[in-house]
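The chain below stands alone, shown as structure tokens; this is the form predicted on its own.
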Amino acid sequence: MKVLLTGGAGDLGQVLAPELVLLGHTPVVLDVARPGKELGEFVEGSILDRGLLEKTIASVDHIVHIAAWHGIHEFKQEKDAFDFWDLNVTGSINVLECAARNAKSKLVFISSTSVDDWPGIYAHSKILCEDLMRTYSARHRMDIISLRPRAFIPHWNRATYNTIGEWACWYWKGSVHINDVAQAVVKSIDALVSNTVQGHLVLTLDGACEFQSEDLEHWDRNGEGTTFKKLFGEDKYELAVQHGLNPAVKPKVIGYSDAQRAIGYSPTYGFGQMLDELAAKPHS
């Protein structure tokens, strides 16, 4: 089975491609940049090139639509409202219309929990994209899963994070690991292929959380840092502080129950793994 990955030369596409190959699929990466590691097929170009996009979509079985400017581009003021509209919104309708014209009815769309940050530019673009997914699903009887992961830029992306410690400070606030997002995409493809999901479905992706609901409800009731120390111990507490984390700050957990029920999503990466990586790569 050929699976199109729009924007597949980016972080998520490069994590997904080898997973798809292991499952016997052929990833087809459509991107303006050549991927660092080529697996399957590479098509150089943009989703704004409708002719190239339609030709590429005609040759594949299923679509994973990743290509977009992300929230970090708004935060760093690297892209403006025109940029977000052109790639995120126009690009998405291009993907959907080309899919509909070629009778491709299965699609996974990477949205974001940032939809809650409306009226931010990035958030608004994702809201508009989700509405397009819902509309095309109804108009053309397409089966579409819109995944809403929390921010998942990996620690090895040096354009965003200088060190793993810098990344961990962000991750501690409550996040999802890129490997778990890839897991969700693969399971979404399986659900669409088996027709266990029909119509348009929106699923939130959160990371694993070792803290119990009672821990979160009564965070640090016995003193600053006590909830963290209870679970991870004094040594990991010191490790966290050394890297700039504040273990007294309660992480925000939003859950993933809908994704678990619909596609069997179960995140494997949590705060414990984050701390283990900090210990193993303290200066990287």
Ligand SMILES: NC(=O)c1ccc[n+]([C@@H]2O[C@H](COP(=O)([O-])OP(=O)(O)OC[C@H]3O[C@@H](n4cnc5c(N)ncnc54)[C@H](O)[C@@H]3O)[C@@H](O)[C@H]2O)c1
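In this text, all values refer to a predicted model and were calculated from it rather than measured experimentally. Start at 1 and count along the sequence shown; that's the residue number.
Heads up, the form predicted together with this ligand isn't pictured, but that's what we're talking about next.
Heavy atom to heavy atom, is Trp69 within 4.5 Å of this ligand in the predicted bound form?
It does: once this ligand is placed as it appears in the predicted bound form, Trp69 has a heavy atom within 4.5 Å of it.
Using a 4.5 Å heavy atom cut-off, state whether Val32 contacts this ligand in the predicted bound form.
Yes, Val32 sits close enough to this ligand in the predicted bound form that at least one of its heavy atoms falls within 4.5 Å.
Using 4.5 Å between non-hydrogen atoms, is Leu87 touching this ligand in the predicted bound form?
Yes, contact at 4.5 Å.
At the 4.5 Å heavy atom threshold, is His177 in contact with this ligand in the predicted bound form?
No - in the predicted bound form, heavy atoms of His177 and this ligand never come within 4.5 Å of each other.
What is the one choice in Leu20, Ala9, Met274, Ile263 with a heavy atom within 4.5 Å of this ligand in the predicted bound form?
Selected residue: Ala9.
This ligand isn't shown here, but in the predicted bound form which of Ser111, Gln183, Asn94, Thr204 has a heavy atom within 4.5 Å of it?
For this set of options, the contacting one is Ser111.
Considering this ligand in the predicted bound form, find the one stretch among 96 to 104, 134 to 142, 121 to 129, 185 to 193 with heavy atoms no farther than 4.5 Å from it.
Selected stretch: 121 to 129.
Residue by residue through 119 to 152, tell me which have a non-hydrogen atom within 4.5 angstroms of this ligand in the predicted bound form.
Residues within 4.5 Å: Tyr122, Lys126, Pro149, Arg150, Ala151, Phe152.
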